[in-house]
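Shown below, as structure tokens, is a lone chain in the form predicted on its own; questions about how it binds or moves come after it.
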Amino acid sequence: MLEELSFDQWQEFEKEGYLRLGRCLTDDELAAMQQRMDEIMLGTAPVDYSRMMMQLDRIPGKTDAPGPGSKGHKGATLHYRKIQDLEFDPLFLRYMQKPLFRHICCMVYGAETPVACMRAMFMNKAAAVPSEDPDSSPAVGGFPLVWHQDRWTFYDRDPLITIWTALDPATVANGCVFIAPRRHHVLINPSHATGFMTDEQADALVAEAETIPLELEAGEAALLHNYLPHSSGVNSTSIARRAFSVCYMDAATVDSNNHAYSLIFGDGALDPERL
């Protein structure tokens, strides 16, 4: 497994806006993270749920859209769309602090710059729900995510990178991320608070740019520039599309909402042995 990027790999990332990092989880680490996420969703994990933002996904045939995101467990189900604050789970924190990710943060923010976690987030597109009618197709799982860039106007400087790790195979059929390589140099809708594009901007992007699926095997990871336009669809398979996404930022970043962020690299960083 990689511990540092080569010069050529760094050049590729700067040109394309993304870089496949290959397998970043061992078989044992992958199995442990898959099991922990199921336990967190089912409410049986040894974690402090009051610290975790959790959002239920839409339930086909029952709800039309995902539920609101707020702290605390929302019930024992595998139909969660998003779970944040996973830096407070020692299993996920150890992964976030791997030497490769420290190296990448040094390349992006500077070797002496303390780095914080903007968000450590589980993203899920649950498996398609079988229909009670044997002649009907299963209802698709997950909810589509429209084209956007990961950029937020409430920071005094932009968080720049995300490590996206597949916990299941990510395929077109189960709702993998689509990206627009080489379109990370310009903000498309800078006035939007969270980087989402208008319908017209998204249509223009798809018409003008190359868009490709970011298909990954379970345990593989990709480095993404936060300005890289991306979207995702729904899951039409019997296999969930679970992923762990970590956005790293300069720890000196000021949030106008006065939210506090945990240090991941630098003096005083979170220690998985003390959580």
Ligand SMILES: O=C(O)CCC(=O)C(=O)O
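Counting begins at 1, following the sequence as shown. What you see is a predicted model; the values in this text were computed from it and never measured.
Quick note: we don't show the form predicted in complex with the named molecule, though the next part is all about it.
S.K.: Where, among 146-154, 182-190, 89-97, 69-77, do residues come within 4.5 Å of the named molecule in the predicted complex by heavy atom distance?
M.R.: Within 4.5 Å of the partner lies stretch 146-154.
S.K.: Using a 4.5 Å cut on heavy atoms, which of Ala128, Met123, Leu160, Leu167 is close to the named molecule in the predicted complex?
M.R.: Answer to the contact question: Met123.
S.K.: Answer with one of Ile104, Val177, Ile83, Ala116: the residue that has a non-hydrogen atom within 4.5 Å of the named molecule in the predicted complex.
M.R.: Looking at Ile104, Val177, Ile83, Ala116 one by one, just Val177 meets the 4.5 Å heavy-atom criterion.
S.K.: Do His230 and the named molecule share at least one heavy atom pair within 4.5 Å in the predicted complex?
M.R.: Answer yes; at least one heavy atom of His230 falls within 4.5 Å of the named molecule in the predicted complex.
S.K.: Going through 236-255, which residues have a heavy atom within 4.5 Å of the named molecule in the predicted complex? Please give them in sequence order.
M.R.: The stretch touches the partner through Arg241, Ser245.
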